[in-house]
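Two forms of the same protein chain are encoded below as C-alpha coordinates; each is given separately, as structure 1 and structure 2.
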Structure 1
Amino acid sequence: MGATYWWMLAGMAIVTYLPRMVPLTFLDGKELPPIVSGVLSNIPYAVLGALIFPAIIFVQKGNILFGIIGAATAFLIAFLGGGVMSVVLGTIGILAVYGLFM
(Lines of atoms letter the chains of each structure in order from A and count residues from 1; the text may use other names and numbers.)
(Lines give C-alpha, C1' and ligand atoms only; values in the text may rest on other atoms or scores of the structure.)
Protein backbone atom coordinates (compact mmCIF):
# COMPACT_ATOMS: atom_id res chain seq x y z
CA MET A 1 0.00 0.00 0.00
CA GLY A 2 1.19 3.43 -0.86
CA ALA A 3 1.41 6.45 1.40
CA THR A 4 -1.79 7.81 -0.15
CA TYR A 5 -3.85 5.06 1.44
CA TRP A 6 -2.35 5.65 4.88
CA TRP A 7 -3.01 9.40 4.64
CA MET A 8 -6.57 8.66 3.52
CA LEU A 9 -7.05 6.25 6.43
CA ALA A 10 -5.67 8.82 8.88
CA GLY A 11 -7.96 11.52 7.44
CA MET A 12 -11.02 9.30 7.73
CA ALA A 13 -10.10 8.43 11.32
CA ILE A 14 -9.76 12.12 12.23
CA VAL A 15 -13.02 13.08 10.52
CA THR A 16 -14.82 10.25 12.31
CA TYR A 17 -13.29 10.99 15.70
CA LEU A 18 -13.78 14.78 15.80
CA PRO A 19 -17.63 14.82 15.89
CA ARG A 20 -17.48 12.43 18.84
CA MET A 21 -14.67 14.13 20.72
CA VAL A 22 -15.83 17.76 20.49
CA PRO A 23 -19.17 17.35 22.35
CA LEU A 24 -17.56 15.18 25.02
CA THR A 25 -14.81 17.73 25.57
CA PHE A 26 -16.80 20.96 25.56
CA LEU A 27 -20.13 19.76 26.98
CA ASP A 28 -18.76 17.62 29.81
CA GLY A 29 -20.80 18.29 32.94
CA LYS A 30 -23.03 20.91 31.31
CA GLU A 31 -26.79 20.55 31.08
CA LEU A 32 -28.31 21.15 27.64
CA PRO A 33 -31.51 23.16 27.32
CA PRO A 34 -34.62 20.95 27.14
CA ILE A 35 -35.37 21.96 23.54
CA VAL A 36 -31.88 20.92 22.40
CA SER A 37 -32.16 17.62 24.29
CA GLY A 38 -35.54 17.00 22.67
CA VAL A 39 -34.19 17.63 19.19
CA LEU A 40 -31.11 15.48 19.74
CA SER A 41 -33.15 12.60 21.14
CA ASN A 42 -35.27 12.48 17.95
CA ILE A 43 -32.38 12.41 15.49
CA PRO A 44 -32.03 8.58 15.44
CA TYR A 45 -35.70 8.19 14.48
CA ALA A 46 -35.44 10.78 11.72
CA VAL A 47 -32.33 9.15 10.27
CA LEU A 48 -33.93 5.70 10.44
CA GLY A 49 -36.97 6.98 8.58
CA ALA A 50 -34.79 8.62 5.93
CA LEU A 51 -32.94 5.35 5.40
CA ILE A 52 -36.00 3.10 5.33
CA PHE A 53 -38.38 5.14 3.15
CA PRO A 54 -36.42 4.85 -0.14
CA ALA A 55 -35.99 1.13 0.50
CA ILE A 56 -39.76 0.74 0.76
CA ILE A 57 -40.29 2.33 -2.63
CA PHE A 58 -37.48 0.52 -4.46
CA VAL A 59 -37.54 -2.86 -2.72
CA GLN A 60 -38.60 -4.69 -5.89
CA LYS A 61 -38.25 -3.26 -9.38
CA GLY A 62 -41.55 -2.57 -11.06
CA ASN A 63 -43.64 -3.56 -8.03
CA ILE A 64 -44.09 -0.75 -5.53
CA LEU A 65 -47.00 -2.66 -3.98
CA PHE A 66 -44.51 -5.14 -2.49
CA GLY A 67 -42.88 -2.38 -0.43
CA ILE A 68 -46.18 -0.80 0.53
CA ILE A 69 -47.60 -4.11 1.76
CA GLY A 70 -44.43 -4.78 3.75
CA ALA A 71 -44.42 -1.31 5.32
CA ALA A 72 -48.13 -1.47 6.15
CA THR A 73 -47.74 -4.90 7.71
CA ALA A 74 -44.75 -3.80 9.80
CA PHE A 75 -46.56 -0.65 10.91
CA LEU A 76 -49.71 -2.57 11.86
CA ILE A 77 -47.86 -5.22 13.87
CA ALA A 78 -45.81 -2.56 15.66
CA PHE A 79 -48.91 -0.46 16.31
CA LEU A 80 -50.64 -3.46 17.86
CA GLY A 81 -47.74 -3.83 20.29
CA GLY A 82 -45.59 -6.47 18.65
CA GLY A 83 -41.91 -6.59 19.49
CA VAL A 84 -39.11 -6.17 16.99
CA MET A 85 -38.91 -9.89 16.19
CA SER A 86 -42.68 -10.09 15.74
CA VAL A 87 -42.60 -7.17 13.32
CA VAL A 88 -39.72 -8.61 11.30
CA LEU A 89 -41.00 -12.19 11.15
CA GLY A 90 -44.60 -11.14 10.55
CA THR A 91 -43.60 -8.89 7.68
CA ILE A 92 -41.39 -11.57 6.15
CA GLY A 93 -44.26 -14.06 6.42
CA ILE A 94 -46.81 -11.76 4.80
CA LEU A 95 -44.43 -10.86 1.97
CA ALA A 96 -43.53 -14.53 1.43
CA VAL A 97 -47.22 -15.38 1.02
CA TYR A 98 -47.75 -12.35 -1.23
CA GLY A 99 -44.73 -13.41 -3.31
CA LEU A 100 -46.28 -16.83 -3.91
CA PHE A 101 -49.40 -15.33 -5.43
CA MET A 102 -47.69 -12.56 -7.35
Structure 2
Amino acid sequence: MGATYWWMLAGMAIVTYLPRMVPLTFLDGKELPPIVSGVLSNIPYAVLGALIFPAIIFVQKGNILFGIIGAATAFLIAFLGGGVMSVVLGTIGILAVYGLFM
Protein backbone atom coordinates (compact mmCIF):
# COMPACT_ATOMS: atom_id res chain seq x y z
CA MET A 1 0.00 0.00 0.00
CA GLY A 2 2.97 2.25 0.65
CA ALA A 3 2.98 5.94 1.49
CA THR A 4 -0.74 6.50 0.93
CA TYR A 5 -1.47 4.04 3.71
CA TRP A 6 0.67 5.92 6.20
CA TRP A 7 -0.94 9.26 5.31
CA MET A 8 -4.35 7.69 5.78
CA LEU A 9 -3.23 6.24 9.11
CA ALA A 10 -2.07 9.67 10.27
CA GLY A 11 -5.44 11.15 9.29
CA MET A 12 -7.33 8.40 11.09
CA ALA A 13 -5.17 8.82 14.19
CA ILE A 14 -5.85 12.58 14.33
CA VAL A 15 -9.63 12.40 13.85
CA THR A 16 -9.82 9.63 16.46
CA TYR A 17 -7.67 11.43 19.01
CA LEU A 18 -9.28 14.89 18.83
CA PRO A 19 -12.75 13.89 20.11
CA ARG A 20 -11.04 12.09 22.98
CA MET A 21 -8.64 14.83 23.93
CA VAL A 22 -10.36 18.19 23.34
CA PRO A 23 -13.17 17.95 25.95
CA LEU A 24 -10.91 16.40 28.61
CA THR A 25 -8.28 19.10 28.40
CA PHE A 26 -10.22 22.21 27.44
CA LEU A 27 -13.16 21.73 29.81
CA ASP A 28 -10.89 21.03 32.77
CA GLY A 29 -11.83 23.18 35.73
CA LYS A 30 -14.66 24.96 33.89
CA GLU A 31 -17.97 25.23 35.74
CA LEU A 32 -20.79 24.20 33.43
CA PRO A 33 -24.43 25.25 33.87
CA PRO A 34 -26.33 22.70 36.02
CA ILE A 35 -28.53 21.50 33.17
CA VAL A 36 -25.48 20.79 30.99
CA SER A 37 -23.62 18.93 33.71
CA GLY A 38 -26.87 17.07 34.46
CA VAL A 39 -27.08 15.93 30.85
CA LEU A 40 -23.38 15.01 30.84
CA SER A 41 -23.76 12.89 33.97
CA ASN A 42 -26.59 11.02 32.21
CA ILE A 43 -24.39 10.14 29.25
CA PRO A 44 -22.72 6.97 30.64
CA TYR A 45 -25.99 5.11 31.18
CA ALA A 46 -27.57 6.34 27.97
CA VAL A 47 -24.50 5.39 25.98
CA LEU A 48 -24.48 1.88 27.46
CA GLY A 49 -28.10 1.40 26.40
CA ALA A 50 -27.30 2.60 22.88
CA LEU A 51 -24.14 0.48 22.62
CA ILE A 52 -25.85 -2.72 23.78
CA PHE A 53 -29.07 -2.51 21.73
CA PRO A 54 -29.71 -3.46 19.03
CA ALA A 55 -26.09 -4.53 18.29
CA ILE A 56 -26.00 -7.42 20.77
CA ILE A 57 -28.86 -9.17 18.97
CA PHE A 58 -26.92 -9.18 15.71
CA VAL A 59 -23.51 -10.16 17.08
CA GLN A 60 -23.58 -13.30 14.94
CA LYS A 61 -24.98 -12.45 11.53
CA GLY A 62 -27.90 -14.67 10.65
CA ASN A 63 -28.25 -16.14 14.13
CA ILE A 64 -30.41 -13.92 16.28
CA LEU A 65 -30.86 -16.66 18.87
CA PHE A 66 -27.14 -16.44 19.70
CA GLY A 67 -27.45 -12.76 20.60
CA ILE A 68 -30.65 -13.26 22.54
CA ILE A 69 -29.19 -16.10 24.62
CA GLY A 70 -26.06 -14.02 25.21
CA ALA A 71 -28.02 -10.95 26.29
CA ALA A 72 -30.32 -12.97 28.55
CA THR A 73 -27.40 -14.79 30.19
CA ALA A 74 -25.45 -11.58 30.79
CA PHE A 75 -28.46 -9.78 32.27
CA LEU A 76 -29.26 -12.76 34.50
CA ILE A 77 -25.73 -13.10 35.89
CA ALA A 78 -25.46 -9.35 36.42
CA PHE A 79 -28.88 -9.20 38.04
CA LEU A 80 -27.95 -12.00 40.44
CA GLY A 81 -25.04 -9.85 41.56
CA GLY A 82 -22.15 -11.25 39.52
CA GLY A 83 -19.24 -8.86 38.94
CA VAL A 84 -18.23 -7.67 35.48
CA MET A 85 -15.71 -10.47 35.09
CA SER A 86 -18.16 -13.24 35.96
CA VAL A 87 -20.71 -11.71 33.59
CA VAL A 88 -18.17 -11.74 30.73
CA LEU A 89 -16.74 -15.22 31.37
CA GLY A 90 -20.11 -16.76 32.30
CA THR A 91 -21.75 -15.49 29.12
CA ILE A 92 -18.85 -16.72 26.96
CA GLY A 93 -19.11 -20.10 28.73
CA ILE A 94 -22.84 -20.49 28.08
CA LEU A 95 -22.46 -19.48 24.43
CA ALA A 96 -19.51 -21.86 23.97
CA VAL A 97 -21.70 -24.70 25.23
CA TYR A 98 -24.50 -23.54 22.94
CA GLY A 99 -22.05 -23.45 20.03
CA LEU A 100 -20.78 -26.97 20.72
CA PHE A 101 -24.25 -28.47 20.54
CA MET A 102 -25.60 -26.45 17.63
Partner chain sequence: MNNQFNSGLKSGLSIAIGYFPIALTFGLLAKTTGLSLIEATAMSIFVYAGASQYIALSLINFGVDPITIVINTFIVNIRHFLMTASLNEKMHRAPKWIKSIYAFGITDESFSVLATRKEEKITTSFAFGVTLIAYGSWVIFTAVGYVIGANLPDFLQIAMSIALYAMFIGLLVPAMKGNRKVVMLAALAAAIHCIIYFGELLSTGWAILVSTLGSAILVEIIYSRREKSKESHYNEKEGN
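The term rigid core refers to the maximal set of C-alpha atoms that superpose within 1.5 Å between the two forms. Being a predicted model, the structure only gives us computed values, none of them experimental. For residue numbers, the reference is structure 1: its sequence is counted from 1.
Peer 1: Which depiction, structure 1 or structure 2, is to be taken as the form predicted alone?
Peer 2: Of the two, structure 1 is the form predicted alone.
Peer 1: Determine, after fitting the two forms on their core, whether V88 shows a C-alpha shift of 2 Å or more between structure 1 and structure 2.
Peer 2: Shift at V88: below 2 Å after core fit.
Peer 1: For a quick test of reading the superposition: does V97 move by 2 Å or more at the CA between structure 1 and structure 2, rigid core aligned?
Peer 2: Shift of 2 Å or more: no.
Peer 1: State yes or no: after fitting on the rigid core, is the Cα displacement of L40 between structure 1 and structure 2 at least 2 Å?
Peer 2: Shift at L40: 2 Å or more after core fit.
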